[in-house]
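Coming up is one lone chain in structure tokens, specifically the form predicted on its own.
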Amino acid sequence: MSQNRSPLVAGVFSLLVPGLGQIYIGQRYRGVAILLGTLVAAGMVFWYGDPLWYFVPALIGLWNVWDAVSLARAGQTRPIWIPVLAALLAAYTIGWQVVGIDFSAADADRAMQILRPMLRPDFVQERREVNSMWVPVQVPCGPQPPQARREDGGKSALVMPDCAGVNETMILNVNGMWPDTDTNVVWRTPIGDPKMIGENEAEMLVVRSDASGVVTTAIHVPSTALVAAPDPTLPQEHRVYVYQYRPKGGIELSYIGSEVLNGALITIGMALIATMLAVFLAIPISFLAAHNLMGGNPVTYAIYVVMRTILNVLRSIESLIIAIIFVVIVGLGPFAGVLALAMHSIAALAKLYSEVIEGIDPGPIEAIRATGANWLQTVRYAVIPQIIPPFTAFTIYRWDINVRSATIVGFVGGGGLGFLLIELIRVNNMQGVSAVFITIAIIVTAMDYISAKIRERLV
């Protein structure tokens, strides 16, 4: 057809509208692709606004005319790498400048201040005897706040006043501690999240008890005590802890090490529970989202379309965003993270399961249907025997993914290692950050190895 078209007309058309000459010749897909590519390149350059880069859409336009004339004259296309290379060069250079990449701004001294502590991860410490006490405090104040005092094992603690707001100062008094001993004071939120209340909230508050074992000090409510509370105006019980230590010889988990271990167990548990919840809901949904099972009549096909649409919408929203929503609904903690991971996993697993169902051998399905079996009987005898191995493999793979994602959802208050990590970064505790990094790497590596071995046996 190109030989029956005028090269002049094709060139003029492409000069007026990129790709129109190719469409005129009969190369519709090529013409549309050239038009879209030219519009994207031109929009990027014009948005950036630097006249230097106006040559890119001009070059693509000239190449487009050349290509149209060549197609009309001899049926030959021109090398596509010319416009592609020009567009990529512009995109890369403009992107570099927009992002503001400047290696000269890197501070080697600052980098070493961060990296040196990370070479000494805070996992273990000298074994110590612990003497501890805690007292409840209401934040913010309610109509009738309970007394901020507590007695336990011959020790007593009180805080005055009984309640306070963020950044307000209170007086802590504890009796019955060891005499003449350094005492660490830590604030804990209702979900157990530790907050430093030392200088600038970046270090531990350390107070020395007197000769009679009394600890008295001024404390303040941390500025981040209510930062992720579902309702900052709702009074909640926080706690002020005091700890004293004596060396006993040997090695034990440090305070950060125990927090990391606890966070690791929570992270793995979150992933396991979320995956189990997702499996129970994703399996029935996947049958409703399989075209080969639901395409038999208009009613079942409508159900198929609805289910596919819902799954696509849910999969398009990252679990991190879903976690933010659930933190607002149910509050801080692992429960919000589990719900976020479960919801995203339902959509992902149902999609994978439905594709497995659509890819099974249709022979058994046709044979069962030929006997007059109903839909449930077809699924029971023709589908389930074929899908158990791939379903199991995908479930294990999703658990592996959820272990990684559980760390990320913790950044927004979903609990686990992610929540601990963001707090350690905030207070610049790089030794603790290093311990979390190593733990995450160990968990992910172990999970990847275990899941890969299990999938090898199943598939």
Partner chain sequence: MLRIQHVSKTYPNGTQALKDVSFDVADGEFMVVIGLSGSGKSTLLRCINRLIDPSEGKIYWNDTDVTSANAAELRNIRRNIGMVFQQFNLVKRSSVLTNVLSGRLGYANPWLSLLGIWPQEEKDRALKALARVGIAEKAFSRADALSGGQQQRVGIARALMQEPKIILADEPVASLDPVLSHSILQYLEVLNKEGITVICSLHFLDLVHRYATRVVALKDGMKVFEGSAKEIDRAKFKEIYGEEAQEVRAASF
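No experiment lies behind these values; they were computed from the predicted model shown. Only the largest set of C-alpha atoms that superpose within 1.5 Å between the two forms is called the rigid core. Residue numbers count along the first chain shown, from 1.
Heads up, the form predicted together with its partner chain isn't pictured, but that's what we're talking about next.
Contact check for Gly37: no non-hydrogen atom falls within 4.5 Å of its partner chain in the predicted complex. A residue is said to contact a partner when one of its heavy atoms sits within 4.5 Å of a partner heavy atom; Tyr381 meets this definition for its partner chain in the predicted complex. Its partner chain in the predicted complex comes within 4.5 Å of no heavy atom belonging to Arg73. Taking the partner from elsewhere, Val124 is found to have every heavy atom lying beyond 4.5 Å of its partner chain in the predicted complex. Proximity to its partner chain in the predicted complex holds for all of Asp361, Gln377 and Pro390, with the criterion being a heavy atom within 4.5 Å. Between its partner chain and the residues Glu129, Asp231, Glu366, Glu252, the one pair within 4.5 Å by heavy atoms in the predicted complex involves Glu366. Between its partner chain and the residues Pro385, Pro298, Pro247, Gly192, the one pair within 4.5 Å by heavy atoms in the predicted complex involves Pro385. Exactly one of the stretches 155 to 163, 282 to 290, 209 to 217, 369 to 377 approaches its partner chain in the predicted complex with heavy atoms within 4.5 Å, and it is 369 to 377. Superposition on the rigid core between this form and the one not shown places the CA atom of Gly331 less than 2 Å from its counterpart.
Relative to the superposed core, Ser254 undergoes a Cα shift smaller than 2 Å between this form and the one not shown.
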